[in-house]
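Two forms of a single protein chain come next, each set out by itself as structure tokens; they are called structure 1 and structure 2.
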Structure 1
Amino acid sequence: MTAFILRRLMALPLVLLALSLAIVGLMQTLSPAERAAAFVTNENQLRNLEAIIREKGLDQPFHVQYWNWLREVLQGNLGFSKASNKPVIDTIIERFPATVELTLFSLLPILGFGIWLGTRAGLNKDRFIDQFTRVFTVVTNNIPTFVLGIILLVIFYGLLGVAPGPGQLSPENQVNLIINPVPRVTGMLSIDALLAGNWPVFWDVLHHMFLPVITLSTVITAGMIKVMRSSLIEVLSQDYVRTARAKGLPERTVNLKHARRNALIPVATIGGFVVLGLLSGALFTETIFAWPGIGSWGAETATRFDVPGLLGFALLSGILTVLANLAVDIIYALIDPRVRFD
């Protein structure tokens, strides 16, 4: 297992190198002034881009520009974001925990409910639970995330008034947070408020998180259910499952220990990329609910043509993609030992 992980880790530098070359190559389609914005670290430098062009060699050959960009990135300088009015690296550090927080709370229903309902549907093919599951997945899988988010916001906030409005905190708890600051241990406000014993802030964040989590998990869970159901039905038809039954093993043992374990392999793939999509920023959901995560910032950088912000968002998404692929490979190896010898 260790050798398998090391082989995957050895490939990471090459993938990251290709990613960095692609980002710098993309920058070549921009004007020198637009490329210079990627090296700006404060608002004052925006007024003197010509000096940055000369200093960073943005009129030099590609390899010179690539080296200058890489050196700045390794020093933690990703430029100055107009969308957040602060350096890109500071924006990522500030906003990424909020996206992680939304991801963690969304994964609970996505993985738990998705695997459970997919398993029940696969084990009861063509029965009521399977028919219900197919209708549920068809309906929810075809609702765009932004449409569902708006519908939930209109009904539960606008009409019924049982859910809070957009944002992460209500105005009174924003004041509470100023008066009684919560130490930023994890960067996730709900967790930090819990650790600090600030219960009003903790419950308020959970209250505001309810509709975004429902929006994300409803749409994404449909795909998880479909993959789990299809995979389990296919596995149940395999010879080794029939052999296990012929040996007289209990049906629960055959279904859950033998069949479901192997059916989880495709689920591991989709699960890895579900996490990737959530961590990269559930752009529409965060924008609709004004959630202060990386996705809503990424959307704003696009609307304001914030070049450093866009490049920083692209770099973060690329790194997360590489790490997600590594995680999927490791999960594969844990579920199916045969993969370790590929």
Structure 2
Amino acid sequence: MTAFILRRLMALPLVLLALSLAIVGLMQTLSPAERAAAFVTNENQLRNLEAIIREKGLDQPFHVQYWNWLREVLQGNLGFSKASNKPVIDTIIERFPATVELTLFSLLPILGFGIWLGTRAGLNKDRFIDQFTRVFTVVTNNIPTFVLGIILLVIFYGLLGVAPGPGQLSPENQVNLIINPVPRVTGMLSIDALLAGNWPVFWDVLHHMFLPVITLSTVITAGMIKVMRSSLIEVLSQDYVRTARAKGLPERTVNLKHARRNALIPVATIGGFVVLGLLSGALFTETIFAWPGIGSWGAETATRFDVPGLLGFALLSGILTVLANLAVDIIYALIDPRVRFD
């Protein structure tokens, strides 16, 4: 097991190396002046593009430029992000917890509602609840995240006025936060406010998180429901389930203890898909709802030609994807004794 994990982790630097080569390679299609524009943060620098080109060695051959970049990165310097006006590393440390926060809260509907409705539909195949679920998943699966976010805002913020607009806090609680600062423990504002006992801020953040969480989780929940349903239907047709019924176990025990436990195994395999979905979804959700996480920052680095920021964001998402897939494989082996590492 340890050997397997180490082998997989060893692939990580290679993957990141390939990505960085590709990005620095793509940069070569631009002229040195265009590349220098990525480092421009004020007007004075714009007049002095030549100096930037010389200083950063942007007119050097590809391998020299790549080596310069790699040397900086290995020293922990990922560069300066124009989009956040901070070094890339600091930006990630500052903004990543907010994305984790949104993601964690999104797991509640994905796991809770997804598994619950998938189970109900699977147990009642072709009855009303199953038909309803089918229509529900077809509809929710097909609304792109960015469209859903706008629709939810139009309905719940614009029309009904029950949900707050974009942002993490309403104005009065922004003032509240300045008067009673919440110490940064986890970096997730809701948790930190809870730890500090600042109830108004805590409730306000939860209130503001409602629409983004629905936006982020809907598509993934639909996938979860579909996998849960089909997996449960497959398990229910197996011999051991019939045996359990034949020996007189109550229906509830058969369904929930015998069948659902095994039906959950394939669900674990879509864990990687869930993480990928959350990561790409965060780009749009955070942009629409002005959530201060890495998603909205990533989108901004892309629109503002903030190359160091974009690289940092891409490297981070690569690391997260590789780790998520590794975690899925480990979990899979832990819950399914038939799987063995070779």
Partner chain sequence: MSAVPATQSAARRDTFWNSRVMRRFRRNRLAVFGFFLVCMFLLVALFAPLLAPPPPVGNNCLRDVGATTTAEALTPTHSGFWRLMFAAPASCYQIARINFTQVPSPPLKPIATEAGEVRPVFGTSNGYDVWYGIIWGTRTALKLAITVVFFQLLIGITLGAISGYFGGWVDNVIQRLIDVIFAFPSLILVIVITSLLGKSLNFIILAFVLVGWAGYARIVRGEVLKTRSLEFVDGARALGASDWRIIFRHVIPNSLTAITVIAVLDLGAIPLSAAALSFLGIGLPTGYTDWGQLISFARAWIQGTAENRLEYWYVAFYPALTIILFGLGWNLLGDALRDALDPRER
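What we label the rigid core is the largest C-alpha set whose atoms superpose within 1.5 Å from one form to the other. Here, a residue number simply tells you its place in the sequence of structure 1, counted from 1. For clarity, every value in this text was computed on a predicted model and none was experimentally measured.
- Note that the form predicted on its own is the one shown as structure 1, not structure 2.
- Once the rigid core is used as the reference frame, the Cα position of residue 299 differs between structure 1 and structure 2 by less than 2 Å.
- Taking the rigid core as fixed, one finds a CA shift for residue 69 of 2 Å or more between structure 1 and structure 2.
- With the core held fixed between structure 1 and structure 2, residue 324 has its Cα displaced by under 2 Å.
- Structural comparison between structure 1 and structure 2 after rigid-core fitting shows the C-alpha of residue 25 displaced 5.1 Å.
- When the rigid core is fitted, residue 240 shows a C-alpha shift of 3.7 Å between structure 1 and structure 2.
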